[in-house]
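Taking the form predicted alone, here's one chain by itself in structure tokens.
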């Protein structure tokens, strides 16, 4: 006498199970990378209040250097007179990265030809406000830049 209470696994049920799980795995493998691309991980701001931006020996008078300050770029400028200044290297117009133009002795944004003087003040083009200025301290050969 046959027991009718035990489930019988047929070949058709097994194949349907395999096809269903492979379809689910394919969908996950396809859409997971798309989801991770569309929803990027949060960027944490650096908790450091100061960074070593460069060495004094790296900067010659009338030159500039981009450095990383947390998750944003900063710019060091050594004026023709030898004074070292630091600013945010993010243009206040459209967040482009600015650079120092030695021949014109100003900070320049290539996006829309915005210009800042050596004090970070916007002097030409569309930038609506000055660059954020950082505090510069020289300890030995290191240039230490801090906010505030």
Partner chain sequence: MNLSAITTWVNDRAGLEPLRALAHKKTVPLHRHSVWYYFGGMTLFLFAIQVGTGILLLLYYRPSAENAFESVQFIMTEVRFGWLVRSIHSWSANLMIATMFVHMFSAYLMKAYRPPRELTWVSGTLLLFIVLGFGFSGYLLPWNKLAFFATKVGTDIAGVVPGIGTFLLRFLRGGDEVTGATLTRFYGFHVAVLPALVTAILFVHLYFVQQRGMSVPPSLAGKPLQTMKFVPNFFLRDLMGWLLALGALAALAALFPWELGEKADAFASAPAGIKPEWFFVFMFQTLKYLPAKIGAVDGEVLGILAFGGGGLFWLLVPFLDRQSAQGKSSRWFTLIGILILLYIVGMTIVGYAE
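None of these values were measured; they are calculated from a predicted model. Numbering follows the first chain given and starts at 1.
Below, we refer to the form predicted in complex with the partner chain, which is not included among the displayed structures.
Quick check on this chain: which one of 104, 29, 39, 56 has a heavy atom within 4.5 Å of the partner chain in the predicted complex? The residue from 104, 29, 39, 56 that makes the contact is 39.
Thinking of 68, 96 and 125 as one candidate spot, does the partner chain come within 4.5 Å of a heavy atom in every one of them in the predicted complex? Every listed residue reaches the partner chain in the predicted complex, so yes.
Partner contact for residue 111 in the predicted complex: the partner chain, 4.5 angstroms, heavy atom: Although the partner chain is absent here, residue 111 would touch it in the predicted complex, with heavy atoms inside 4.5 Å.
Does the partner chain come within 4.5 Å of any heavy atom of residue 129 in the predicted complex? Heavy-atom contact with the partner chain at 4.5 Å: present for residue 129.
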